[in-house]
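A single chain, nothing else alongside it, follows as structure tokens in the form predicted on its own.
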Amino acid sequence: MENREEIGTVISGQESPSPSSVDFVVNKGIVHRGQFVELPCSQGTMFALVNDVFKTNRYFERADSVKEFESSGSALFEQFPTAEWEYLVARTRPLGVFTKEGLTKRPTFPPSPGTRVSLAKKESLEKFLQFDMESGLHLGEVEHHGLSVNLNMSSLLKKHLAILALSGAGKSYLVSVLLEELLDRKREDGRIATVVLDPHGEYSSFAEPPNEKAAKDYSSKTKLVKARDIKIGVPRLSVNVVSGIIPGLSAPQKRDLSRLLSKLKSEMKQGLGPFDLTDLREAISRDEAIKENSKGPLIAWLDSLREMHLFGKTDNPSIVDLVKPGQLTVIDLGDLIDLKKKQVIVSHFAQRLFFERRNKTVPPFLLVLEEAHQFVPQMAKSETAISRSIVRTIAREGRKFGASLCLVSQRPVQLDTTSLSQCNTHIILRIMNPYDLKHIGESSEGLDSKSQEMITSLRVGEALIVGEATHYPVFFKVRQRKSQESKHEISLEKAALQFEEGKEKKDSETEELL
């Protein structure tokens, strides 16, 4: 091959070379874990990922001999040419073979010992990983190769995405980078709508003009909806939705509720106007067909829903008004403490979005669900997982209609396996918990044990992507964000300083007033 930077030679071992493992000795330069190499083979050009690097030296192979010699007061390196016998060996996992016809095949035959190994060239690696350099989403750079990670939007999002990491590893930062890419997208490249269900208000900064001159302003493309302003229109409710919120509804109670909802909806269409929970409660009280032992509990349950202050005669805001191509909508749930209320809101927006998208009244969209393990839990009962059913439905069927999911979680082991398994691309940042690692390993296709081990050594802002978007594991450094930082991303020292400065200013203003 021309212009190859040869760095090593394939060596023979007990299990290498094989279609699943190739070791080579490094003859020139330094090789790092996570790098890509290429080498000729009978089928074409093999690409492999370096998943381990270790040094060996024959003079130091036997512990007893080394100890005996060193104990005599002499150092081995003083008596023998030990430096000349030190070798750097790289262990790789073959990923695929690029044929002369431009096709990628899985490795089925090993290269020969003695084969020259080269660092993968940018141009070859770009084609092999199927990066979309013209209109892809630019998330970062492949370290040690200087190659931009530009992922095709359909490959990354159409079959859903999961972003998994422990707290503080940079997952919200990565989500912000993804949102920037979607907002910066040109119309001719195809723009989708983006809705973020944000439990902590981490993305509300997108709706605010930046305080820093260097930060890019996305406020004109962002709508912010506060939880306190949300109202769910009762006429939009179905018995299935209500039974998901109210645990324990019997079959007769569901039939009675369905009959009265249908009656009120019919009256609304005849000109009596929309109705709310108070109207539904009165209809139940007046209805003589409902047995008294069913009427009391129904009214009590409706009263508990009224106390949530979440239901009204019409939806506010309207989903159709919120979801626009190239626009971001942040549903800020940061003011809420009640998890059930949060789940009701998540369930409502997910159902409305999916319904409207199936009817093609809204554009293709990406629904980003932060703290997804709270809303799509694995082990919780249905009455404490109100939003799980609709998220599962979107995960299973959304790709047919252009309804995409992005599940973001710091506790993958608590995340619903059904939903997670439908996410065909996973971006994994640093994770330490062994249960989370095991869960990810079982649900992420293409994640081998060596790559899984490397996840624990990732630094903040480094990530591994596996699945549909690249087909092969890729370690990369997340690019610097353009938007202003979230108020949650400031350091503890800065937060403490801001508090004291604010308090001093407030005390000073109070003294002047007095």
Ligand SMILES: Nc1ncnc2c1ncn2[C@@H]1O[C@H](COP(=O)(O)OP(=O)(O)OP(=O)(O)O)[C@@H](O)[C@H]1O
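Heads up: residue numbers just count along the shown sequence, starting at 1. The shown structure was predicted, so the numbers you read here are calculated from the model rather than taken from an experiment.
What comes next is about the form predicted together with the named molecule, which is not displayed.
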### in the model of the complex, segment of 449 to 457, 46 to 54, 477 to 485, 26 to 34 with a heavy atom within 4.5 Å of the named molecule
477 to 485
### Task
State yes or no: in the model of the complex, is some non-hydrogen atom of G140 no more than 4.5 angstroms from a non-hydrogen atom of the named molecule?
no
### Query
At the 4.5 Å heavy atom threshold, is G170 in contact with the named molecule in the model of the complex?
yes
### Contact test in the model of the complex: Q410 vs the named molecule, heavy atoms, 4.5 Å
yes
### Message
Please tell me whether any heavy atom belonging to L166 falls inside 4.5 Å of a heavy atom of the named molecule, as the geometry stands in the model of the complex.
### Response
yes
## Note on the structure
Students should find that, of E202, D436, D256, D416, the residue having a non-hydrogen atom no more than 4.5 angstroms from the named molecule in the model of the complex is E202
